[in-house]
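The chain that follows stands alone, in the form predicted on its own, written as structure tokens.
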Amino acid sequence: MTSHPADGRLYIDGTWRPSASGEVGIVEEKATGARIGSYALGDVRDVDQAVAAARAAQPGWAALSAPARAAYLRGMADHLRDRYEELVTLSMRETGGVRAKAEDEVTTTIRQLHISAVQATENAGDILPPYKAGKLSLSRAVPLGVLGVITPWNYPMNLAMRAVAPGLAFGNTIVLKPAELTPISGGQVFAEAADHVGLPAGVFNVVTGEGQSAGWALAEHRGFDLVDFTGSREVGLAIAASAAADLRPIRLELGGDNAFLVLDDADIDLAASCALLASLEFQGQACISSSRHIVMREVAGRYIDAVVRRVEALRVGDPMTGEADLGPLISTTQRDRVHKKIVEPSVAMGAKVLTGGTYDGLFYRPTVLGDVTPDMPAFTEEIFGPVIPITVVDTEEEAIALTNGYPMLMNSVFSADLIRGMRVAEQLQAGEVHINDAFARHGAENQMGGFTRRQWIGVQRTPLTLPEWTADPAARA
């Protein structure tokens, strides 16, 4: 891979520099273990410098006209688009995702920059009904100030840019700490884009490093007006506890034990195809992946057969070969968590491995578990791996009761009766519920509010498109 200015260096105050420690970490291709780059091991000293630079730059950045800020964002988008094929390859190598996943992530990242550029120039506030005759009431959007952004490894470009782009668009400055497993696509490429377009010094800063050093230094820093964290529930709870001590503003998006309900009148072929997408896309390593499949007994046998048949036809391998439906897991730590803390204990408690349950290095065979009960880790834990655990219930009421009571982001309900599906969906305690659909197929344009002192939310919904690998193998033959 071609060397870039960001390789092994931080981007602070518009300059490339080594970390204060002078140490670097190695970035490996997940499928082969080959070295593809390096990243600086930043710590609290580097975070201090980055925050100081962002604080100094913020008034001038906010004072720029919205069209001027938007022009910078469009320039960054153009730079990323010019590197499209390079970035797709980088994503495949650094995350272990297949090409379709990489293309989707790069595309939505570029689109997010364009969307935020437009939004920056659309509306600066509202005229409100006055509380008294003869008065004029106005509200205006003003920047929060300096944002700290900590992002995960599973969708490193998309999940960074959904905060970075609107944050910059509305006049905030940013310090980004990408995940140490994906520091190139999650941070370095954005620093290069910012540098390429001449973004004013200090407006956008990238501090790479380990979670316990750079990550916690950012999460606990008193110089931010908001810290935005996307990642595990465990780390999010620790950040929340720390922030509560002095009421530091934070925003968290954490994982969830999402449910996939199949009612007794469901279209089984549709449900089984969606099940693969919901639980196995990017090897199940997404906060919106379905971790529990709750199926009514009347259709359980047909559903299990349809899912197993599809799963057994999947190819697991190096995404760069073009012959893989699923790639490797992100790390040995993640593989061992899936196998040793989820699959093996559940099997020891009585779950049955219907297919899969084995691995070779980071390549984990997609797995279907039957006879899963609500006391097993395969039911109670967010799996974050290519496992489909199936729990059979007798009634709709039991399905609803078992679904609720766990942290969830989005669920799915399958029923031939749309009214019934909606009635069940309304009883589920999740942020989003999809009827006869897998998880949301929208990308970075599902904006996150809170970058100004008024709430702003933008949502786009795109039609469900099932990839070829989710189809019944007989239909593909």
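As the structure is a computational prediction, the values presented were derived from the model and not from experiment. Don't overthink the numbering: it's just position in the shown sequence, from 1.
Note that the form predicted in complex with a small molecule isn't included here; everything after this is about it.
Enquirer: Whether Val235 contacts the small molecule in the predicted bound form should be assessed with a 4.5 Å heavy atom distance threshold; does it?
Expert: Yes - in the predicted bound form, heavy atoms of Val235 and the small molecule come within 4.5 Å of each other.
Enquirer: Would Tyr406 count as touching the small molecule in the predicted bound form under a 4.5 Å heavy atom rule?
Expert: Heavy-atom contact with the small molecule at 4.5 Å: absent for Tyr406.
Enquirer: Is Arg310 part of the interface with the small molecule in the predicted bound form - any heavy atom within 4.5 Å?
Expert: No, Arg310 stays farther than 4.5 Å from the small molecule in the predicted bound form.
Enquirer: Do Pro328 and the small molecule share at least one heavy atom pair within 4.5 Å in the predicted bound form?
Expert: Answer no; every heavy atom of Pro328 is more than 4.5 Å from the small molecule in the predicted bound form.
Enquirer: I have Gly211, Gly231 and Glu382 flagged as a candidate spot, so tell me whether each of them has a non-hydrogen atom within 4.5 Å of the small molecule in the predicted bound form.
Expert: Yes: Gly211, Gly231 and Glu382 each sit within 4.5 Å of the small molecule in the predicted bound form.
Enquirer: What is the one choice in Ala77, Ala271, Leu159, Ile115 with a heavy atom within 4.5 Å of the small molecule in the predicted bound form?
Expert: Partner contact (heavy atom, 4.5 Å) among the options: Leu159.
Enquirer: Which listed residue (Val98, Val146, Cys287, Ala194) meets the criterion of a heavy atom within 4.5 Å of the small molecule in the predicted bound form?
Expert: Looking at Val98, Val146, Cys287, Ala194 one by one, just Cys287 meets the 4.5 Å heavy-atom criterion.
Enquirer: If contact means a heavy atom within 4.5 Å, which one of 391 to 399, 255 to 263, 348 to 356, 300 to 308 is the stretch that engages the small molecule in the predicted bound form?
Expert: Selected range: 255 to 263.
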